[in-house]
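Given as structure tokens, the chain that follows is alone and in the form predicted on its own.
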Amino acid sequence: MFHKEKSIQLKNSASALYNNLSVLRIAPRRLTYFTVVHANVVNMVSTSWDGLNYSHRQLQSKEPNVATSTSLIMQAAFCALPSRDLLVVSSQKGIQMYESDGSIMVYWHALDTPEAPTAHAVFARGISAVSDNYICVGVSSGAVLVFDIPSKGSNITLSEVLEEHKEAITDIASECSGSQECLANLVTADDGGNMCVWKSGEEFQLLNKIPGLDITCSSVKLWKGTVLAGYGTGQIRLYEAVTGILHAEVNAHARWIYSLDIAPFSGLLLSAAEDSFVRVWHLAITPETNSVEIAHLHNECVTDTQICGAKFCDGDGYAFAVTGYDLSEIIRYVQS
């Protein structure tokens, strides 16, 4: 169903972080941007669709009044809003927002770091664009910061802090950007496997809490009102977002899941884990019962590799890309 394409070389290898790959398709320019985190650097690669041209850029983690920061980056993710695309980088010191090509930093938000050293690490992780003008970023305290993004310029403001989680945020996902009406359009997950389902707006509204089982939910997605969650047990669970009803539970991987992705137009789901496997699944909604069914379609094994990032390169799931710990390349697969 899928075959391997030519890999994209990276300047540095990928760190072992959840969801350590982000992809942005720029259709008017026939380009795709990829980002992968290595320690305190974000590796950016811009590739032309014909595969002939590549350009590389590296972004360092930053902090005020310091020439070179050694603070580790936890995640880099593209956020596509109707009016603009931004690249958001979260680290141990704060949150940086760049124009999507990485050329200009438009905003910096410092994290509150305690004066005295504590047993708890401070970091930001979990990044998602929500609705028309918000970007949400999770932090290690369990809070979710909501930033209001203007259609241009750098007048970005922290508009709200959502404080429902008690453990560090692992991942955030949204659905229905633009004109679509959605009851639930945001889900946040934490280290204890707990998930909160929200409706965005002037004030974000908590719709549901799905309790965890003290097992980390490392990656989460939202599709047609269904929460898709990947866990440290290697399981994938499908919940109805608003009610929390469990539709399906799949023993998908032998080891910790690091990344999930959904191709929204085709209902293809991608899962990737420490067990060196990337799996493609198909989701279908049964109209009579409004329940979601999941079927396994395809496997790829990246031998001896702890996979840490996997993303579809388009909304139909025609191609996907994979990163692995200590691997200095992005491996690509295309439908046969």
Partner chain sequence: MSTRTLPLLFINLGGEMLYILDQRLRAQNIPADKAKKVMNDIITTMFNKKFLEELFKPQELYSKKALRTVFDRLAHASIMRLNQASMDKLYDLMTMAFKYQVLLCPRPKDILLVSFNHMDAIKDFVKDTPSILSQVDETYQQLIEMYTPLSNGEFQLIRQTLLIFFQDMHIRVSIFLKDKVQNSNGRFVLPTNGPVPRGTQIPGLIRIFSCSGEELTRLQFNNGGNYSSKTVVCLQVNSAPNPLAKEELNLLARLMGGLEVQKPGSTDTGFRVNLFATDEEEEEALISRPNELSYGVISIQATKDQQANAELTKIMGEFTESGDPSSSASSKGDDLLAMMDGL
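Here the structure is a predicted model, which means the values were calculated and not measured. Numbering follows the first chain given and starts at 1. Rigid core (definition): largest C-alpha set, two forms, superposition within 1.5 Å.
From this point on, the text means the form predicted together with the partner chain, which you will not see here.
Would you mind picking out the stretch of 145 to 153, 249 to 257, 220 to 228, 99 to 107 that comes within 4.5 angstroms of the partner chain in the predicted bound form, counting non-hydrogen atoms?
Flagged stretch: 249 to 257.
Is it the case that residue 50, even though its partner is missing from this view, gets within 4.5 Å of the partner chain in the predicted bound form, heavy atoms only?
Outside the cut-off, so no.
Whether residue 15 contacts the partner chain in the predicted bound form should be assessed with a 4.5 Å heavy atom distance threshold; does it?
It does: once the partner chain is placed as it appears in the predicted bound form, residue 15 has a heavy atom within 4.5 Å of it.
Using 4.5 Å between non-hydrogen atoms, is residue 46 touching the partner chain in the predicted bound form?
Contact with the partner chain, no.
Are any of the heavy atoms in residue 158 no more than 4.5 Å from a heavy atom of the partner chain in the predicted bound form?
Contact with the partner chain, no.
Let me know which residues along 271 to 291 have a heavy atom within 4.5 Å of the partner chain in the predicted bound form, or say none if there are none.
Result: 274, 275, 276, 277, 279, 281, 290.
Would you say residue 53 moves its Cα by 2 Å or more between this form and the one not shown, aligning on the core?
After core superposition, the displacement of the residue 53 C-alpha between this form and the one not shown stays below 2 Å, so no.
Using the core for the fit, does the CA position of residue 289 change by 2 Å or more between this form and the one not shown?
True for residue 289: a C-alpha shift of 2 Å or more.
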